[in-house]
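The data below hold one chain only, encoded as structure tokens and taken in the form predicted alone.
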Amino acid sequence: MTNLGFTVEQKDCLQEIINVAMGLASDKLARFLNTFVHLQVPSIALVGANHIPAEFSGRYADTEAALVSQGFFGDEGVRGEAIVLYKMDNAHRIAELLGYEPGDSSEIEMLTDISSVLTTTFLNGLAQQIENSLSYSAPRILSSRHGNLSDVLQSTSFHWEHALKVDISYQLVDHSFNCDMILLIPDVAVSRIKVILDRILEEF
């Protein structure tokens, strides 16, 4: 197995980059929904890709959930997938807040809009800091309304053995609604990220 570990300096640098991008996405979401968004410290870890579906399923056990997945591709071999996960229990409240008509289709449309705000803003902020240009695939919408979330995730294509996982939680303070954004960078791209981090550190 390739050594995917980060030095202390690399991890601190990556953490700061993630914090800035997360703050930009949080501010954009707050403006979009006209409310305050609470953030927790993001989790950054190297994980086995085959463990990801079970982890998500455990977090969203016994509840209807939906996710929006979008791939991204950049210069220097940077690539990955951004997944935004939602519990559907209170999604209708946000749909009403944004003026959507009641119904499943409007809620999914709303979640796609929120995902676009979060994903695009976060990744653009990330790309700017690492001086990279990113392109995006069309978003995919998956739902576990009629099945287990782990089964839904198993149908996605994780074509790698290990991944760098960035786990970010967004919570709306004035509304009973929260979502998780998971950034997955495959092992083949992690080494490229490390080279970019070293370049950034050399400039300080």
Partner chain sequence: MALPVLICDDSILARKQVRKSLPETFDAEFKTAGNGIEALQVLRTQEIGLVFLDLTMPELDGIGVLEAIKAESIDCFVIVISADIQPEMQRRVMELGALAFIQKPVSEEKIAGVLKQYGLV
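Residue numbers count along the first chain shown, from 1. From a predicted model like this one, the values you see are computed outputs, not experimental measurements. So that the term is clear: the rigid core is the largest set of C-alpha atoms that superpose within 1.5 Å between two forms.
Omitted from view is the form predicted in complex with its partner chain, to which the following refers.
For the three marked residues, 13, 23 and 27, a heavy atom of each sits within 4.5 Å of its partner chain in the model of the complex. Contact between residue 59 and its partner chain in the model of the complex is not found at the 4.5 Å heavy atom cutoff. Contact check for residue 40: a non-hydrogen atom falls within 4.5 Å of its partner chain in the model of the complex. Interface membership of residue 19, defined by any non-hydrogen atom within 4.5 Å of its partner chain in the model of the complex, is confirmed. Among heavy atoms of residue 51, none comes within 4.5 Å of its partner chain in the model of the complex. This chain appears without its partner; in the model of the complex, the one residue of 63, 35, 178, 135 with a heavy atom within 4.5 Å of its partner chain is 35.
Of the candidate stretches 51-59, 161-169, 27-35, 65-73, only 27-35 has residues whose heavy atoms lie within 4.5 Å of its partner chain in the model of the complex. Of the residues in 188-204, those that come within 4.5 Å of its partner chain in the model of the complex through at least one heavy atom are, in sequence order, 200, 201, 203, 204. After superposition on the rigid core, displacement of the C-alpha of residue 41 between the shown form and the other one amounts to 2 Å or more.
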